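Each of two forms of one protein chain follows alone as structure tokens, named structure 1 and structure 2.
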Structure 1
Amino acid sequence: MVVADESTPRPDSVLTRDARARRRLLLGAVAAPLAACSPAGRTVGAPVTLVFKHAKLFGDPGPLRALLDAFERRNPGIRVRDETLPSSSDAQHQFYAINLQAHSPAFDVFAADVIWVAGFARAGWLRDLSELLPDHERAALFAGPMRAVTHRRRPYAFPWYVDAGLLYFRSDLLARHGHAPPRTWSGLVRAAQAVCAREPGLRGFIWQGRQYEGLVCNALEYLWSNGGQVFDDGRVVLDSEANRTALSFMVDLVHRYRVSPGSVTTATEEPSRHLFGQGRALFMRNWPYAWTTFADPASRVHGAVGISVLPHFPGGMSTAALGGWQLAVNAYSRAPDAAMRLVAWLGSVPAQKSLALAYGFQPSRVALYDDADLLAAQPALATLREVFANARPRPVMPRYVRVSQVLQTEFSAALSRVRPVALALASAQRGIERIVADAH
């Protein structure tokens, strides 16, 4: 699957994936849309070739190609050429920004990171997708992704698949030592300290604290779960007591409670996943993509991992940072109508189901979380539905990249104790206020 930026069984409902059963489900799910999409005899004038740009898939490209072939059969006269980019979100952003700024028609449809849409839309680089997303269609999708693709009350991308932060835990170790998956941050600390005291060499809680976009996602989850915010009705409200408490706790995980190793301040998703997958950590915050490796029978932690919503502070609620990828239409496409058709197909129920089975993409369509085939292959969908229903997008604004740079710098300074939490948040508040003022 594509790793974003880089978007719950209890101990008795740990996900298992029998490879042969999964393959049978996948082939059946792909066959159904193929049958449903036999040529309809429609023509679209002169032959058209659409270019669909997306990140490299981690897995067999066949299922995606099968969906594109089905689209071509349903739309005689339209061909689709899919072209991949590096998996790095930064590299993709640079490619798109350079080409779109130059008004290049070299690609028609592309997969956009959730944090790009507002900026690209403001620049005039994306086609308005209102006709694809009337009210009833928006209601069929998770609310967080819809907010993330909306600029000035109009949608400029179609939520394709969803990511959000999760808590991974060693269900076997928690059960062995008499602990339930924690619902609060203080409960996580108590469980980590108790279990690690009896399991030599085990880390308590690992997460992503390097100075990059992943740190912003991690930190916002603490702030939000304590009732804090970055903006309130357009005002910057970062420098608040709730946020100071939440960020201080994040720092204390490393320096006071010592349940998180110092290495988390330089960690990204993959080092975290590898450490947890080696059986060397009790808890981990990461995205849903990590689950597939732990569910592999060859994994050291196979059958011993559960996932749950992230903890929260007393009086707060679990809130995950929203990730995921969206389908956008290049405003300079020479075939916008055909491109819109392709987006509608790739975002359809059968297409999202096929991609979920093939790559573990988490659908943006809420109804698919009740699909019997998907639930059989991925029992964790029941909890993922809860996670995605409460996931929040990072600030949806055209200048988000600048805001993120400020947050990354100040959050990192606080975590490494280069700057006290109160000063870091006050500095971030001033920096973001200047960005907002410049926008006016």
Structure 2
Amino acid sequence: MVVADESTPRPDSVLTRDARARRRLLLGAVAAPLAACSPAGRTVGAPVTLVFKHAKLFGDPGPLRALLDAFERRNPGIRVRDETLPSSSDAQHQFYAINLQAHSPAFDVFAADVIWVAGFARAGWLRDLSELLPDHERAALFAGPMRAVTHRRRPYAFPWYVDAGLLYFRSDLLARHGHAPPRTWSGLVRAAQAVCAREPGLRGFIWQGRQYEGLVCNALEYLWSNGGQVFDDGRVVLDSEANRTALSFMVDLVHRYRVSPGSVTTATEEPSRHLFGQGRALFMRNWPYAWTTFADPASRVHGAVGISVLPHFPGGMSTAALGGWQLAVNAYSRAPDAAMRLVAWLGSVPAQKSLALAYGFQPSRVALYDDADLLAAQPALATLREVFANARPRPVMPRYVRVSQVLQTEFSAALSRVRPVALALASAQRGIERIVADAH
């Protein structure tokens, strides 16, 4: 006899008739094109107001509101109030962890960082979204985010948009001084030193080194592009020669080669984007959203920016950290069916397309990378499909946030030279080993 347990996937055939009908209803919202939104939708019972929480948007909130209005027209009886949180992933995590732990129903749908889903799902804080993600839907989405939202073989969030670390460069300045976009980290240092020597006031390379989640993404990209890693088959392998070389290089960017200003050690994404957007840096590491802001004709660097994969160490491979945000339904929501309908709508093809055009939120749906309108609006982003397909997730594990806190502390101590690189990595190794041991 086969006993279904929590980890057994639920094939179509064992869904109840009720569940099948509900799924048809939910997916109906996905399939309908935006233009077909009419006030003639079906209601889902008593009127409800859903609260949708997400990070502050960079840009006009109008396009997102238009999508929510379209949803309301299609679903009479459901209203959506969207509420924003600060953009830092860490601050948002704190908000959700406190509220979900208290079983708060104060929000129904929320945007979750790719790294939280395993922990939140394990805590029982997220609704199982299997009904929204049958096999053909899963196959239409990038594999990395899909893996990250899957806990015990069930999806607990809907991949919404994808992030991966990219190298931005000033194509005009590189051309003026006869340099090609660098493929290796040492090539980047050479180009930055040469160009900055002739362009007074220009910063060479800016990135995100403040003690927060973004630093972990930045640092792992160096470690991975030197063949290093944090875990190997469940073992902690942080204290390695490859990692020491990679982290030392990051410190050297500031203190030895002096191509990165000291301010990178306290910078997050937005200050980096502003500095680069003002034309004051040659290279920048950032996520894809920055591109949309530079593509604006009003931008000071409009037409003078290129993007490429990140550089790597000799013998290593360019490796972007996989980031991105997922739509999750609060397990304590008082309107879970309406909440699922909103997730289906916001994750649909037309919604992902308008969010990509408006905010540079790169779709989790692979097919949209062939969309003519998107390609016309963001030609440089055509290369992103490959970057996303190969981007590497941070360790997918329920205790990731604790692991990250250790990494943040130690990487930051190394960058500010409070602790030598070798000691920082050895200490992080021990700290993470303790977290893993606690889990058993």
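Remember, predicted model here, so these are calculated numbers, not experimental data. Here, rigid core means the biggest group of C-alpha atoms that superpose within 1.5 Å across both forms. Throughout, residue numbering runs from 1 along the sequence of structure 1.
- Between the two isolated copies of the chain, the first is the form predicted on its own.
- Two rigid parts of the chain rotate against each other between the two structures, and of L247, D163, V149, Q352 the one at the hinge is D163.
- Superposing C-alpha atoms between the two structures shows the smaller rigid body rotated by 17° with respect to the larger one.
- Once the two forms are overlaid on the core, R73 shows a Cα shift of 8.9 Å between the two structures.
- Core-superposed comparison between the two structures: A106 shows a Cα shift of 6.5 Å.
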